[in-house]
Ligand SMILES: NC(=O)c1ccc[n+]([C@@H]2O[C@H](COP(=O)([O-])OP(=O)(O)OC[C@H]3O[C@@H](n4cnc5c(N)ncnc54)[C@H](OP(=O)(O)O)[C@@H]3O)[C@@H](O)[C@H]2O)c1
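Okay, so here's just one chain, in structure tokens, the form predicted alone.
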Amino acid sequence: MNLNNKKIIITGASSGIGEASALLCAEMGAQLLLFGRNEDRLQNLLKKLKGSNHEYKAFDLTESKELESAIIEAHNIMGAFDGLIHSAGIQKTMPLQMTNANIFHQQYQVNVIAGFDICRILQKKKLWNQQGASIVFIASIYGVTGVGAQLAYSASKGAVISGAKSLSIELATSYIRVNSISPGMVEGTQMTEGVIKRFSSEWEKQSKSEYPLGWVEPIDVANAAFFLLSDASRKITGTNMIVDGGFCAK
């Protein structure tokens, strides 16, 4: 399997799953368009990537006009796109009584709307490879299972999973496959470190004990995304791949 000569967009590329996905996709031959909020981290990542002619843009994904112009500009340089990994996401842990409308809006804007908006732009402007493409949304097992103090986050990831299924039907006639990946707790990401800080080392120990194979690492999710982008998964669409070290099997 490889991604030779494929043009892939990756959001949230400045850290965590997005960064791991960028490193792997570049190693497998892809040319990348990287989106992230931290320009310094994106520039450092660019230096690590194999291959050449990668592009990046540091900005807030919720700025729709800037997003569209960035994609069109990159298309003019790189050519038609073969894939997308929407890895950008935010999470806020809080009980119901503190979860107001703004919390929902913030998480839906990044976790849900931004990814679907990129798809809208690519489809409307005909920027996909006409031979076909693959879209991968990074969701979460919390979009599948219940968890306390994660109402807005869980709801947003559930929306990603169900929205990806609907999109897979609509875009199938354009030979565009759409899938999601639902990781369990991912080791070493900014999001996970933030959760650990809010709780304790005891919570971390207890959480890890609930994963038969241990917490997931960013490369585990990147490997799944690579498979879904590659031609090896050419008949797979509308699925939600769970990568959780066995958490949901219990």
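This is a predicted model, so every value here is computed, not measured. The first residue of the sequence shown is number 1, and the count goes up from there.
Only in words, not in the display: the form predicted together with the named molecule, which the text now covers.
> Met94, Ala152 and Glu202: each with a heavy atom within 4.5 Å of the named molecule in the predicted bound form?
Not one of the three qualifies.
> If contact means any heavy atom within 4.5 Å, which of 115 to 123, 168 to 176, 137 to 145, 67 to 75 contacts the named molecule in the predicted bound form?
Heavy-atom contact with the partner occurs in 137 to 145.
> Which one, Ala164, Leu127, Leu84, Val110, lies within 4.5 Å of the named molecule in the predicted bound form by heavy atoms?
Result of the distance check: Val110.
> By the heavy atom within 4.5 Å rule, which residue out of Ala224, Leu33, Ala26, Val186 makes contact with the named molecule in the predicted bound form?
Result of the distance check: Val186.
> Please determine whether Ala159 contacts the named molecule in the predicted bound form, using a 4.5 Å cut-off between heavy atoms.
Judged by the heavy-atom cut-off of 4.5 Å, Ala159 is well away from the named molecule in the predicted bound form.
> Do Thr62 and the named molecule come within 4.5 Å of each other in the predicted bound form, heavy atoms counted?
Although the named molecule is absent here, Thr62 would touch it in the predicted bound form, with heavy atoms inside 4.5 Å.
> Contact with the named molecule in the predicted bound form for Ala133, defined as at least one heavy atom pair within 4.5 Å: yes or no?
Answer no; every heavy atom of Ala133 is more than 4.5 Å from the named molecule in the predicted bound form.
> Indicate whether Ser207 is a 4.5 Å heavy atom neighbour of the named molecule in the predicted bound form.
The answer is no: Ser207 has no heavy atom within 4.5 Å of the named molecule.
> Which residues within 70 to 92 place at least one heavy atom within 4.5 Å of the named molecule in the predicted bound form?
Sequence-ordered list: Ser87, Ala88, Gly89, Ile90.
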